[in-house]
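First, one chain by itself: the form predicted on its own, in structure tokens.
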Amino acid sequence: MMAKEAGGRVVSRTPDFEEPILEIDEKIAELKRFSASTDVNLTEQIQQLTRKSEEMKRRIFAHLTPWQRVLIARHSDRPQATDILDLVAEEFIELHGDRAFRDDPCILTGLARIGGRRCMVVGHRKGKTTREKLACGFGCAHPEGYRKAIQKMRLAAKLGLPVVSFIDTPGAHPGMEAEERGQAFVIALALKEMADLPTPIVCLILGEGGSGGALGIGVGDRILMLEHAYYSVISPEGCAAILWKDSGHAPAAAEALKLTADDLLGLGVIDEILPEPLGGAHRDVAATAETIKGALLRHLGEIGEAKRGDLVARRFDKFRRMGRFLENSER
């Protein structure tokens, strides 16, 4: 089941291709309830349906199209930065405000301890309830959010702490008020600050990685990406509206944009794909968090051994190499 937000963006609640899996899972749940209430042993039937569900998941998720991955990345139950932090951080102290206009709740910043390692966390927050989603602009940050991120990353460098960035946004806030307060300038400033920041930065794309809103906290020494996340210069709907004058061509646009983790690893945009539980991260948030925690600690450990001067130079060179290709001159 899909729904559309204002602007035509498709939001995935239950993607159509997942419905056969959900039907079987509902039958399993029904048999378990019946067995518990009547003391009838239905273990064999439940096991058969469980095997059928697992096989269906393997078959469907082994051949996902780029558009289907976009829908999974937008799934309403997909874990957000706050969910992951609750599971991986032994400690977290949120830091607020941009010292200029207001505290944008869409950008989450704070001091954390993950696996005993202290760090500064910066990330997008979409919200859970309707009230929270409205307050967070559905994950679309305002300029003051990026200013807050910049200030907290500067603080991290001053304290000698690495930065962990959780990316999950359809894009920066598109409203007139955001433009009036310097949206483009502040995102550009964030890119510059992260490029020059003399402390390790690990970025992780959790779900949606949309346009400058994602890139605004996406410059790092290591760029990691969950298996079914996407990262793109524009949303598929926006691309389709420009090229075909019809957002209904979003699936074709998703194919052309090369926005999947596999595509981006091949292009050298990201450094590692983190596998998700079978059926997507929303089916086992705890397992997803454990995978993320292990990857973050591993990469922070590797980057932390570099000298600060070398760190910035390598980061600069990393992004300079993106988009560089060799052409075969043979005719």
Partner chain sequence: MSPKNKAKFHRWREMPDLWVQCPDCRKMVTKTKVSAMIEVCPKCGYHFEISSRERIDTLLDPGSFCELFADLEPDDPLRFTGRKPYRERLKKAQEDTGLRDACVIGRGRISEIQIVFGVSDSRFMRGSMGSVVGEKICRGVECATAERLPFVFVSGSGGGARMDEGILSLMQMAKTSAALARFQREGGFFISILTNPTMGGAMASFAALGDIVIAEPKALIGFAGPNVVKETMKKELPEGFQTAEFFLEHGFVDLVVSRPDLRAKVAALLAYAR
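Owing to the predicted nature of the structure, the values given are computational and were not obtained by experimental measurement. Positions refer to the first chain, counted from 1.
Here the subject shifts to the form predicted together with its partner chain, a form of this protein not shown in this document.
Not displayed here, its partner chain is kept clear of I24 by more than 4.5 Å at the level of heavy atoms in the predicted complex. In the predicted complex, its partner chain stays beyond 4.5 Å of every heavy atom belonging to F166.
Using a 4.5 Å cutoff between non-hydrogen atoms, G175 counts as a contact of its partner chain in the predicted complex. In the predicted complex, no heavy atom of T82 sits within 4.5 Å of its partner chain. At a distance of at most 4.5 angstroms from its partner chain in the predicted complex, all three residues W244, K258 and G323 contribute at least one non-hydrogen atom.
For the options V269, L297, L49, L64, the one in contact with its partner chain in the predicted complex, meaning a heavy atom within 4.5 Å, is V269. Of the listed positions (I234, A157, A89, L111), a single one reaches within 4.5 angstroms of its partner chain by any non-hydrogen atom in the predicted complex, namely I234. Heavy atoms within 4.5 Å of its partner chain in the predicted complex map, among the stretches 234-242, 128-136, 90-98, 69-77, onto 234-242 alone. Applying a 4.5 Å heavy atom cutoff to its partner chain in the predicted complex picks out V312 as the lone residue from 296-312.
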